[in-house]
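First comes one chain, alone, set out as structure tokens in the form predicted alone.
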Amino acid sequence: MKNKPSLQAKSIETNQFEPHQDLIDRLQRHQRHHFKRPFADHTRLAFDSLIAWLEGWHGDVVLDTCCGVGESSIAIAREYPDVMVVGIDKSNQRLAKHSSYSSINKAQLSTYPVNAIPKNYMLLQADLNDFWRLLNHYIEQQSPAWKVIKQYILYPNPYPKKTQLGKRWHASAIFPEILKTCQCIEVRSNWKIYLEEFKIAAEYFGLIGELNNIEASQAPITPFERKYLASGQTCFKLDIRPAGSDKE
């Protein structure tokens, strides 16, 4: 009989123990120099499929960026049944596992009926550096009837080495485009410094951030979150919103 796989997950290993001292300098640099990399063809095609999917929709849209296998997209679609949810990930390999994860969820998530896989979501394989820019350009030019009301960034690779600051979303050249898409953002990670930095970056652009622990009793919405919580690690959630807005 084969042993069951261990639920133990490695803790973050890092040589950085506080928010990076160069973060603000990076943000100022990105304000002066816009992201101008050419768009990848596969992301253009994925974006076109999104626009076709939203044709005729006059409601709200929620983005689940870095969605991995898309388990989180299912959870978000359940939480927002009257909203169209779009899961985006760069890895076709991860997205290809979605059907097996959705089947598992039918059995494991006892909160919902067995057949309760929602219909109000889609998954896209796309480069998010291109996707955010394409989306912002489309909204500016077309003024669509739908509106992005929230973005999730769930368990992105935190790149925990001190030299990897520029690879983190909040310190990358694309960060102003992320905030331009929608300023209501929920970010989760098991590395608190990542979220502390994201909060500092958001506040630099005039937003408000609230950082809290994720209670172990709360239902996980990603495989990563389930694994970390099962291993006894503390996980964290950062809620970003515009200054002066009511808390959700």
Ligand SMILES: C[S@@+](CC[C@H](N)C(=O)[O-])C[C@H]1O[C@@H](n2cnc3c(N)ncnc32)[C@H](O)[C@@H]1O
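These numbers come from a predicted model, not from an experiment. Each residue number is its position in the shown sequence, starting from 1.
Heads up, the form predicted together with the ligand isn't pictured, but that's what we're talking about next.
J.: Just to confirm, Ser172 within 4.5 Å of the ligand in the predicted bound form by heavy atoms?
T.: Output for Ser172 is no: heavy atoms all beyond 4.5 Å of the ligand.
J.: Determine whether any heavy atom of His137 comes within 4.5 Å of a heavy atom of the ligand in the predicted bound form, and answer yes or no.
T.: Outside the cut-off, so no.
J.: Does Asn157 reach the ligand in the predicted bound form, with heavy atoms at most 4.5 Å apart?
T.: Result yes; Asn157 sits at the interface with the ligand in the predicted bound form.
J.: Hey, in the predicted bound form, is Ser91 touching the ligand, heavy atoms inside 4.5 Å?
T.: Ser91: yes, in contact with the ligand in the predicted bound form.
J.: Work out which of Leu123, Ala77, Leu128, Val148 lies within 4.5 Å of the ligand in the predicted bound form, going by heavy atoms.
T.: Exactly one listed residue reaches within 4.5 Å, namely Leu128.
J.: Among Cys66, Ala202, Cys182, Val62, which has at least one heavy atom within 4.5 Å of the ligand in the predicted bound form?
T.: Exactly one listed residue reaches within 4.5 Å, namely Cys66.
J.: Choose one stretch from 204 to 212, 22 to 30, 52 to 60, 217 to 225: the one whose residues place a heavy atom within 4.5 angstroms of the ligand in the predicted bound form.
T.: One stretch meets the cut-off, namely 217 to 225.
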